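The data below hold one chain only, encoded as structure tokens and taken in the form predicted on its own.
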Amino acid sequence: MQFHSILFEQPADRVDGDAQDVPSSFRDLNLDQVLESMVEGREEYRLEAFFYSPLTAAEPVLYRHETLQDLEKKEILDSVTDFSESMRRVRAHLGRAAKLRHKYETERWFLDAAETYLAAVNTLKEKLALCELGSRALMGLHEYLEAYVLSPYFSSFAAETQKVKDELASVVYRVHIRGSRVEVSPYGGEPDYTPEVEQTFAKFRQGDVEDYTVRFVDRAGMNHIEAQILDLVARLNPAVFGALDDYCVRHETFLDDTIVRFEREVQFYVAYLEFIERFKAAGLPFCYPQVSSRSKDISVRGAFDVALANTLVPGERVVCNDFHLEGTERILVVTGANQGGKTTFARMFGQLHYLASLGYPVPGSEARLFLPDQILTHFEREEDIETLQGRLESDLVRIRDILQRATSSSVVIMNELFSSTTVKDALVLIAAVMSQIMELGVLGVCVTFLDEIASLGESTVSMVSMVDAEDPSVRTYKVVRRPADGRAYAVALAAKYGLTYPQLRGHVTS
């Protein structure tokens, strides 16, 4: 199969457009923060469309795993990075050319862009030939480059570029300035008096002196005198500048679509590798997950919330957690200490599945994950005054939407559902929602303050956020698989901040 994309093995899967619809779960999972950090400095590549298009089958994910594993080799990553830098220069030259008004100056920047492009393509082809490639994507790219460089078009384009450049370099002319009059004429073999002048004044030289040489600045844009001189030079050399005109017209669109697409798409990988490098340097693990769109047996060891870690590393400790679901188990019900990391755990669960569906390594030392058709989330939000809905009504509307959209292949994450109502009402409502979710057989997480939810059926698994055994006011942020114990440790937390009844009474009476 002919190479066409480094992200999608099958042409039908390809995403070429700009930003797609943002997944509804993106903000709840703090993936918008992750994306913002990753694409900083890469705005020109418009990578959002790729991030908003998760994969739902294992084979396309494996295609990306192979590519990333190749790119983790320094010599390959350096080759790709150098190529991208060259392509940025190409775009910069073309950008200048598009903004300039003088015809020949525009054409010269266009020629520089073409020369840089030819060198970049040749260099990448030669460097990849020296690398040990293991991925279908990069091997396909290398084969494509070899064929492209040997093609009649590329060979002719390279030869013409060199010829036009050499002819321009061979143009010699004379500029005679007398007062306000400037004359341009062909170079007539006039002698160069520079050595004689230097020899004449050499006897006045007393040691090192300041260099007053005026250096030519390679800038875009000429003043009107330079422009008129160039016009006169072109008039003196019609064959050379005519060839330049013809060259620019015939190669107006010299950029190859497949190569341009590769340069954009490879940033999807490079951006993530650069993003996770700081975590790996801090000792946090990343792994390539085993993925499946069929098996719902999942397990993860040493995972963490990568968005939260992005705010902590370096310097602060990042807590890792494990979880697994097997057999008929589908829903992790997380209870336990207030401010004990339950919401972070739920976000981490969603992040892991989303990053895995993009084909990325996930934060953790070992992972086996399901590829969902969508990730649906319900996290607490502020009341929207424009909808005139209270918190409970808003929760009901949003959870109804989730239930209508969810399929048996979805992942559903619910965080503190119906926390605005009474315990009795919340228990009835959450149990009803969980009943429908369990009936669908979706994977998910439910964070709640109601222990009863953890034992609704064989598909629910209880996990509890833990506190320090010696001091209940200290949260460990570890979430472990164990029966719910009905202890939120709110009193210990209140005592830590001096807010228990006796403490407050003491303040009032003192």
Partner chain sequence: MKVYLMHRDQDFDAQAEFPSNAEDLSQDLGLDTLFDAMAGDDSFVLGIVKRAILSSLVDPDAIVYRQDVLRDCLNHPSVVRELYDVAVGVIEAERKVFWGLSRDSPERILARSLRVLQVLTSSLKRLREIADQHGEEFRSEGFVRFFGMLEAELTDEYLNTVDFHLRELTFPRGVLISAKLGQGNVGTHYVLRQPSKQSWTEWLFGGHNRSKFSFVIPERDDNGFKALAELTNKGINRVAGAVAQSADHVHSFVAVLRDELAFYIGCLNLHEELSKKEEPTCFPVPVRSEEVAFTTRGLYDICLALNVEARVIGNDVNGDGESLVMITGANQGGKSTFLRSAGLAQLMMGCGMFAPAEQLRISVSAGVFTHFEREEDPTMRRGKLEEELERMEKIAEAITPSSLLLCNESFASTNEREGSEIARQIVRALLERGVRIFFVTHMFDLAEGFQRLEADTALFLRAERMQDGRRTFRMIEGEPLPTSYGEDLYRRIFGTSPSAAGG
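Numbering follows the first chain given and starts at 1. For clarity, a rigid core is taken as the largest C-alpha set superposing within 1.5 Å between two forms. From a predicted model like this one, the values you see are computed outputs, not experimental measurements.
One more form of this protein should be noted, the form predicted together with its partner chain, which is absent from this view; the next part is about it.
- Item | 4.5 Å heavy atom contact, I229 and its partner chain in the model of the complex | It does: once its partner chain is placed as it appears in the model of the complex, I229 has a heavy atom within 4.5 Å of it.
- Query: A239 near its partner chain in the model of the complex, any heavy atom under 4.5 Å?
  - Reply: No.
- Taking the shortest heavy atom distance, is E198 within 4.5 Å of its partner chain in the model of the complex? Because a heavy atom of E198 falls inside 4.5 Å of its partner chain in the model of the complex, the answer is yes.
- Query: Could you tell me if G179 has a non-hydrogen atom within 4.5 Å of its partner chain in the model of the complex?
  - Reply: Flag for G179 set to yes.
- Message: So, a 4.5 angstroms cut-off on heavy atom distances: do all three of Y117, M139 and A271 pass it with respect to its partner chain in the model of the complex?
- Response: No: none of Y117, M139 and A271 comes within 4.5 Å of its partner chain in the model of the complex.
- Listed residue that, although its partner chain is not shown, lies within 4.5 Å of it in the model of the complex (heavy atoms), from P314, G188, G283, P152: Exactly one residue meets the criterion: G188.
- Task: Could you work out which of L168, C131, A307, M438 is the residue within 4.5 angstroms of its partner chain in the model of the complex, going by heavy atoms?
- Result: The residue in contact is L168.
- Query: Tell me which of 170 to 178, 68 to 76, 297 to 305, 316 to 324 has residues with heavy atoms within 4.5 angstroms of its partner chain in the model of the complex?
  - Reply: Looking at the partner contacts, the answer comes out as 170 to 178.
- Query: What residues, if any, in 45 to 65 have a non-hydrogen atom within 4.5 angstroms of its partner chain in the model of the complex?
  - Reply: Contacting residues: none.
- Message: Checking V233 here: with the core superposed, does its CA move 2 Å or more between this form and the one not shown?
- Response: Yes, the C-alpha position differs by at least 2 Å between this form and the one not shown.
- Query: Comparing between this form and the one not shown on the rigid core: C-alpha of G327 shifted by 2 Å or more?
  - Reply: The answer is no; the displacement is under 2 Å.
- If we fit on the core, is the Cα of L130 displaced 2 Å or more between this form and the one not shown? Result for L130: no, shift under 2 Å.
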